[in-house]
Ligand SMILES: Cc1ncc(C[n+]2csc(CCOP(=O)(O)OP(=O)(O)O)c2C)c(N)n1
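Only one chain is given next, in structure tokens, and it is the form predicted alone.
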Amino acid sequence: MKAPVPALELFHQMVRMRRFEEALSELWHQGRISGELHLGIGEEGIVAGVLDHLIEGDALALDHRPTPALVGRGTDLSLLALEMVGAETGLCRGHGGHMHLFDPERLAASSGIVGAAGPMACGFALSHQRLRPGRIAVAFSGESAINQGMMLESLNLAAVWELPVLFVVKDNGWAITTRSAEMTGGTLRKRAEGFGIAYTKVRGADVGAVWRAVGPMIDDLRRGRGPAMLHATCHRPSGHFEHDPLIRMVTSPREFAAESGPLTRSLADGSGGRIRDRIGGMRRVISTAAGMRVHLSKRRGDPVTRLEQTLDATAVARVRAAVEKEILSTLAEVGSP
């Protein structure tokens, strides 16, 4: 008999991930967090659905959107928030920022280098295979990271050595401002199968579907049946990073005018390239903007809202109130600017 999906527990975890990252966004807009900020809003269904199957001793190799996984794994929120603002009392003494985070107690590490989760996960998995049989490693990455050489080498190494690695591919269809399909040959399924790696595709907005799909995959990993790939589609509304210019361009008439004005004027600049090349470039910009507008219109892609609509309203209110109290307490730890 199949176990029922722990819907309320998954909802609680997703709300914690969402509200904590919304709080980080507020800190960033206040100027408290330096540099770019890459959030995983929209990916919570994938992360929560996977993490619920992990046990103590499993390892996480994370990409440049590590916050949801660390929140779900139990890393102290205050330590995370303090790290983001560069405090010496933060998780990594203020040196990691939001992309290079390490929680040794939970065997979790992240890197801002695209594709680096692959080699990290293989290292974790090799040590598990030799020293801790039954434990696994999970590598989280975006779909375009699969084009990186080190990720392809990691897939090959994991297959050859039959390492207990679950490669979780979070696919929003975009590689920053380029459609992923325009820069990826073949399909992820064929790539995985080419290495002899078990492959499953699921809609990441449905956390229950993720949870059901990944359970048997992780069971097989624990039994030593080699690596596996979970390909989960998702919708990320904030773009590649906070204040993404492409997102602002397609959602704000003022921003569209600010961005399109110089482009239009460049068409008449005789010092540039050939006019047909410039027109072709303008067409590509318009096509990209149109594609992003369509992407943003897919409101059904929010995993938190989708699950919330299936739950008891009283239970939902109770979860949200508890999470809000936790987030406010965390922000109090960070303090005023």
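Bear in mind the structure is a predicted one, so any value in this text is a computation, not a measurement. Note that residue numbering follows the sequence shown and begins at 1.
The form predicted together with this ligand is left out here; the points below concern that form.
So which stretch, 152 to 160, 136 to 144, 198 to 206, 225 to 233, is the one near this ligand in the predicted complex (non-hydrogen atoms, 4.5 Å)? That would be 136 to 144.
Counting only non-hydrogen atoms and a 4.5 angstroms cut-off, does residue 78 reach this ligand in the predicted complex? No - in the predicted complex, heavy atoms of residue 78 and this ligand never come within 4.5 Å of each other.
Might residue 92 be said to contact this ligand in the predicted complex, defining contact as any heavy atom within 4.5 Å? So residue 92 does not count as contacting this ligand.
Applying a 4.5 Å heavy atom distance criterion, does residue 112 contact this ligand in the predicted complex? Yes, contact at 4.5 Å.
Contact with this ligand in the predicted complex for residue 238, defined as at least one heavy atom pair within 4.5 Å: yes or no? No, no contact at 4.5 Å.
Looking at this ligand in the predicted complex, is some heavy atom of each of 43, 64 and 148 within 4.5 Å of it? All of them do, each having a heavy atom within 4.5 Å of the partner.
So which of 175, 188, 218, 249 gets a non-hydrogen atom within 4.5 Å of this ligand in the predicted complex? Contact with this ligand in the predicted complex is made by 175 alone.
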